[in-house]
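Take a look at this single chain in structure tokens; it is the form predicted on its own.
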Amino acid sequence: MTERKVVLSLVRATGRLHLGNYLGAARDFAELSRDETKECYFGVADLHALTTLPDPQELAASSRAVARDYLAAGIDPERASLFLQSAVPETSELFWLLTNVTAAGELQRSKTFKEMSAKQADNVNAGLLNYPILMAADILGPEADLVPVGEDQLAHLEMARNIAQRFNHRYGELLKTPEGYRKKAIRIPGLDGKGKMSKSDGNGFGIADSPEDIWKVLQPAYTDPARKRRTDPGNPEICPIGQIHRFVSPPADVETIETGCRTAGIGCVDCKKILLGNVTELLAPVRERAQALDDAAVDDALRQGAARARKRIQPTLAKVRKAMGL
């Protein structure tokens, strides 16, 4: 029997999963969790979230909410291991061991460190600097073969590979060098017209939100500024609503929307109502699964997932400890 490939991915425990998260990652993770050739580990990165010093109660609630959304998206907890990062203490120990083979200058030059430091200039803590090492421990501990990554995470994966190679050069070939698992990137625009849909920017809607709640954020959403009046023609290429239609609406609707926008044959409100209907239909199974989940079911899935994740990482940690003289 062919050995299964280990797939690992973590998402920060900040905010609910939105449409972009679902189309770009969670839906694929659900499919991977049912793939008999894959052994999947999906984590909620609550330790990473600490770099922003979140409110403790909000972090705990957000961590569970993200796990619930993962399950609602279709991840099978019997086939895939869903866990909280903090529930796998072996990762934190491996993180500390790996800090000793990581150059401080490499961390300081990290694009992510520079961006995050600028974003929270009043809280440039050591966690921001060491963020990539913890991510490397997440990846190298379970000996991941494949790591689903987006464009903004390629640098972190490359650093994890560098850390593994540096460790192996000093202590022997003990750590597996991971590969990126990439599909065509899906970039869902934010409803505020400022870049992509983002949990931290709050410019989207949750995948388990009710149609009423989705409409509350769709109705005032940014559209083509050229359409000041109903009779003004627009350009769906620069309208977030028009772009989202391309990801969730059937081809016939997309053609109707784009032609109507360019000719002022359809108004922005009508365009948004059509999008609401198609998003509601797309996410209906997600909402149904979310409504069927209670806290006990989520906690049980996380408990089982953490136990499997710990079992997976323990042999790696033992090898690293022994190689380093511990």
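Quick note: we count residues from 1 along the sequence shown, nothing fancier. Note that the coordinates shown come from a computational prediction; the quantities given were computed from them, not determined experimentally.
Just so you know, the form predicted in complex with a small molecule exists too; it's not on screen, but the next bit is about it.
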property: Partner contact for residue 150 in the model of the complex: the small molecule, 4.5 angstroms, heavy atom; result: yes
property: 4.5 Å heavy atom contact, residue 9 to the small molecule in the model of the complex; result: yes
property: Contact label in the model of the complex: residue 72 to the small molecule, heavy atom within 4.5 Å; result: no
property: 4.5 Å heavy atom contact, residue 181 and the small molecule in the model of the complex; result: no
property: Joint contact, 45, 139 and 197 to the small molecule in the model of the complex, by non-hydrogen atom at 4.5 Å; result: yes
property: The small molecule in the model of the complex: contacting segment from 250-258, 219-227, 128-136, 172-180, heavy atom within 4.5 Å; result: 128-136
property: Among the candidates 116, 98, 188, 159, the residue which, in the model of the complex, approaches the small molecule to within 4.5 Å (heavy atoms); result: 188
